[in-house]
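The chain below stands alone and is given in structure tokens; this is the form predicted on its own.
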Amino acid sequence: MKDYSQNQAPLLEALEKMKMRRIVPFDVPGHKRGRGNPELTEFLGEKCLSVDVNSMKMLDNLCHPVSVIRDAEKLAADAFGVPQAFFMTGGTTSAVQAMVLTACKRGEKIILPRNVHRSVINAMILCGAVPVYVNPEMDKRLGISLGMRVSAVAQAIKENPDAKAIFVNNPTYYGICSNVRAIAELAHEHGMLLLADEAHGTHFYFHDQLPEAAMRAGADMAALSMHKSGGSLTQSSLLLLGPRVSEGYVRQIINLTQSTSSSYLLLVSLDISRRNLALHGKETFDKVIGLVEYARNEINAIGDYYAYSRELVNGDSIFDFDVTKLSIFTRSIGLAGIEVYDLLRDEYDIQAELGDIANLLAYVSVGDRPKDMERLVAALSEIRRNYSKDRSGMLEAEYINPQVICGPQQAFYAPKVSLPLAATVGRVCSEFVMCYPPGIPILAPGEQITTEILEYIRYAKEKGCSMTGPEDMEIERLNVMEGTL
């Protein structure tokens, strides 16, 4: 058995050795360590281009790792306390899709909340799995969807004992956590896998004052965005596996869609970031928790805004709250979250993570500084003073429970017709409509279009939300299934 130390970074060390050998490249990529594209090299730097390389024997191969990538993945698994970790270069979208494709085949059921990321529904389109939605509770004041109640999951299992898996967000974009441990126990009692979207929960594994990490709570697979709170490069993620899942089968599933030319820039960023978290994660997230707590207190002292935290916890639909999430309710100053988001960017050169119709999310992580938090607080104070207005007429709901008429695969591939928005009421949608971020569909394939949903879409467009999904880029028309079901 090979000895591993979290001080090691096998991929980093292999790339450094490769650079020292000054190998003449007669392989791809064609820029040949940057020499063939001087403008790109000038912009990104020679150090970056010199390690933008292809798989070779000394650097291993992500599709079938036998040396340094295998060692780096083993160190990641040890750091996160799981039997196996996979490096993913297609973002957490690819990790989420690998989980669903591993657990479900065509016609098989998966129990999940409706406020999942679009990648989950995309996976069901690909494999033909059938969703059994547990509609989350709503916080009517904040206009956000919450977690799944354990009793609601138990009822879904009772009504669908043949389901193959349960899917949970840990946490949601806004920081809300379900009772993952209780849901995992229910899943396993009934022979189901528990899959966790931890795109926003990498830090849970490295601090005891944060919500329980899914794999420690009994999940069988978890998808982590290392590039969000873990410090790696955008599009680099991890897929964690427990003992109930076959490592070999999961790798086969991953290789169905993952590139055979995975970026070593992304891979080495995972290796370096894993080492940093394993060695310094506790102190790093001590700092993040402190920064957010300071900002939360200062924002709440401004007046009208509400930066919420663990006071929301109710032991069920809000089992816990991620205190690193700086989620701010803005509707009380008469502005939608997206309006505050736009003002921060356009007037104060501050880029927030998310603005919806009622909330703003400022994502705070390993690279933030106290002076950045002070600048954000000062800008929010000025926005309240200079831009607040009467809140009457503002739309209340952030999430509308849809009526599912058929599975997403059936609707997506069915014969369809394009209609103006107003003419789609009562029809079955065959594409997505969502604000991005957060990428949670307002409508997904197979769901019935209602007047309330169309009102929400028009309102979100009017407020300036970035709308994505439909074939019609202007979102004046929607594709619906031909005829009726």
Partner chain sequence: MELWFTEQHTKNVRFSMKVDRQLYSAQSEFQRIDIFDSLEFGRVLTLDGYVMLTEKDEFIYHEMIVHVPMCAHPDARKILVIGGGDGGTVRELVRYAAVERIDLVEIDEQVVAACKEYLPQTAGKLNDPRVHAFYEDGLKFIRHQENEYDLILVDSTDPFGPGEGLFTREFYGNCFRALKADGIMVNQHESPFYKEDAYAMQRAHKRIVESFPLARVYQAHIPTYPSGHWLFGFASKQYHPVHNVDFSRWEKLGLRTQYYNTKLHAAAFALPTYVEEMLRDVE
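Residue numbers count along the first chain shown, from 1. If you're wondering where the values come from, they're calculated on a predicted model, not measured in any experiment.
What comes next is about the form predicted in complex with its partner chain, which is not displayed.
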property	result
Residue contact check: residue 347 to its partner chain in the model of the complex, 4.5 Å heavy atom	yes
Proximity of residue 253 to its partner chain in the model of the complex, heavy atoms at 4.5 Å	no
Partner proximity in the model of the complex: residue 371 to its partner chain, non-hydrogen atom cutoff 4.5 Å	yes
Distance check, residue 382 to its partner chain in the model of the complex, heavy atom within 4.5 Å	yes
Interface residue in the model of the complex among 210, 377, 395, 126, criterion: non-hydrogen atom within 4.5 angstroms of its partner chain	377
Selected contact from 342, 139, 316, 298, since only one has a non-hydrogen atom within 4.5 angstroms of its partner chain in the model of the complex	298
Answer range among 109-117, 382-390, 95-103, 270-278 for contact with its partner chain, defined in the model of the complex as heavy atoms within 4.5 Å	382-390
